[in-house]
Structure formats: C-alpha cells, structure tokens
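Here we start with a single chain on its own, the form predicted alone, put down as structure tokens.
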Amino acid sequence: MNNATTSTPRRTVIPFGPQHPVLPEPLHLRLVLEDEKVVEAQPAVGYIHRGIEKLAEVKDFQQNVFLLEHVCGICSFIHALAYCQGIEELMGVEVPARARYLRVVWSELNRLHSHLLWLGLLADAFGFESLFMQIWRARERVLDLEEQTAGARIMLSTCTIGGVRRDLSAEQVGQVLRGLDELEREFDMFVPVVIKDATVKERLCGVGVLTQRQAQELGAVGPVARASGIARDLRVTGYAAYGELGVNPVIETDGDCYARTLVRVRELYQSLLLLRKALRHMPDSPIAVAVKGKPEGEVVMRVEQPRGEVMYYLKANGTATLERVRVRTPTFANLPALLAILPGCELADVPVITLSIDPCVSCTER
C-alpha cells in the first residue's frame, strides 16, 4: 500500500504596493497565494486622497478649471475639458468652432502622452529596458509639442469655460505637423518590437484574460473594454470636434494583456490621424466667447480619457460656487476587472497584469 500523501499548497498573503519597482502608482493589493499562484486579490485604497472634490465646492466655478485639471497630470487637459463642457451645458454656452478643434488637438496630445508613458512602463515591467528608453524618447517629443502649443509640458491650462485660452498660428500648425511626422517615424521603429518580439508575446499573450461577458458585467471602460471586444469609445458621440473628424473604436477580441497592448498601440496611430485632420481643417473663428452669469441645475458630462470614460457630475445653485462636484474615473471603473483577472495567475505576472489596465490612482482617489 502506498502511504504517500499529496502535499497541501502553502497559503500565504503578501502585499503588492503601494511602493513597487514597476508600479508608479500607490495602488495596494493584498495577494493571497497558494505556492506561486494567486487565488485572491484584495484592494486597499486611500493612500493619496487629496480632497479635491470638496475643495471644488469652495472655489469659484471658474477657478475649478485649474483645480480639476490637477486631478491627473497625464490627462489634465481632458479633466478640464469634461468640467468645462459640463458648465457650458448648464449655462447654454456655445463654443466657437476653432476652439472645439483646438480641444481635440490637446486631448489627442494627452492621449499620445498617456499611451506612450504606459507602454514604456510596460516594457520596464518585463525587463526590456532598451525598448522602455526608446518609447519614452518618443514621449518626450509629445511633451515638446505640448510645450510648443500650450507653453507647458504637463498642466496645459489652455481649456476655459467658453473655449480655449491659446490659439495656434499657421507657423505653429506647420511645426506640429512636422513633429507628428517625426513621431510616426519613431513609432515605426519600436512598434514592430512591441507587437512581434517573441519575448514580449511570451509575457503578454494569454495572460490576464478578461472575457467580453466579464468586461460587460464588471463595467470595464476604455482600452480594457475594447480589448475584450466591446466597441465603446465616447469620442464617437461627437463632443468637441470629434463629430466632424470621425472616430472608430479600436477593437481587439482576445481580452488578454497582449490585446490591451495592441489596442493602445493602434490608438497611437489613430491619435496621429485625428491630430492631422484637426490641424489641417481647423476653421477660422474666435477661440472663446464671454461667459456671463452663474451656472444652475444638474449635469452629467462624459468624455473619453486615455484610460476610458471619465464622468463628471456637477450640481449648481446659481451662485459662484458649486453645490456638488463628483468625478467617476476610468481606473475606478476598471478595478473590478483587475480583481477578476488576477486570481489564477502566477505571482510573476501580477505586475504586468496590473499595469495592463493602466491604473491611475491619482485620478481614482483625488
């Protein structure tokens, strides 16, 4: 008789974050492991709560434009855009055509910046340092374009209620178009490595699979949802000038880390296309209109950030200060999906899977 018994897997709980070499965001997860396999993930948030929503109820509604773009540095312009569009709807303000096109320009530069920053961090997460440096060199070019057009590299502060604060001359438009050509040449150098290299595919393919049904039920947004076959991109609603420029959601169906990477890589080229269209077909008009009076009523404004849908709820009472400001960010929406795909993975895959949702805890905790 064989007396050998099957050994029971050792169960341990380890912390992942808030400080971790490949996780630039202070996200904390308690990982329950059986040997090297994750069986449960429990989030703990609240490390960088800043009270921005409460402060927005104290500041003048015009001052809130500067405050709310500080929710996140990477997509700062799009936060300001969502807020401004909400106030404009409450006050019945019609934004000039040129301002709407300029809003697309800075939104898509933010998208390029965000996707390149994420892609470089992903390369760093699986140890491809030379690829990381190449991608972040391209990101520097995007920051240079933001500085040329807005006078700043991160907090652009160009969006305002009623339009935008800065215009682009014909010479600046030409400089940006030439910069986009250089940027595309850099994309063509590193993108084949990202999507074809065997070592990259080994780390990404089949890892962290989120099915279409899971993505739908868990409310995933942005590239996380689109990589699982859900054609959801709020730019197709036509806000700003997207209705004139045309946007088709970038879709993949495998739902793994590789699919989420492909969506963001393809969106890099989509952003270049939208930028060229916006710059070449920008109409002549004023860049802002005067805003008089105070906002009153309630509104929900939804726009597409690089990470997905951001939702602003604004409640105004006819005074200079808002009664309530509430922000629902894409990372908050994607956290349930992350917690669903971590169980069953190997511990070594946790950093890559976590990064694949492109977490922004700064947005989430505010």
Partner chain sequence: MIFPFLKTLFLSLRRGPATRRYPRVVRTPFPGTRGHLVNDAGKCIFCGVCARRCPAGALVVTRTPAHWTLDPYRCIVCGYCVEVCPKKSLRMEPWHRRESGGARGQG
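Residue numbers count along the first chain shown, from 1. All values derive from a computational prediction rather than experimental measurement.
The protein also exists as the form predicted in complex with its partner chain; that form is not presented, and the subsequent description refers to it.
When its partner chain is considered in the predicted complex, A170 lies well away from it, no heavy atom lying within 4.5 Å. Using a 4.5 angstroms limit between non-hydrogen atoms, K292 is distant from its partner chain in the predicted complex. Within 4.5 Å of some heavy atom of its partner chain in the predicted complex lies at least one heavy atom of G151. Shown alone here, K196 lies within 4.5 Å of its partner chain in the predicted complex, counting heavy atoms only. Exactly one listed residue, out of L177, M189, A97, L273, brings a non-hydrogen atom to within 4.5 Å of its partner chain in the predicted complex: M189.
None of E140, D254, E184, E244 but one reaches within 4.5 angstroms of its partner chain in the predicted complex through a heavy atom, and that residue is E140. The stretch that touches its partner chain in the predicted complex, counting heavy atoms within 4.5 Å, is 152 to 160, out of 104 to 112, 263 to 271, 276 to 284, 152 to 160.
Shown here without its partner chain, the chain has F128, S130, L131, Q134, R137, E140, D144 in 115 to 145 lying with a heavy atom within 4.5 Å of that partner in the predicted complex.
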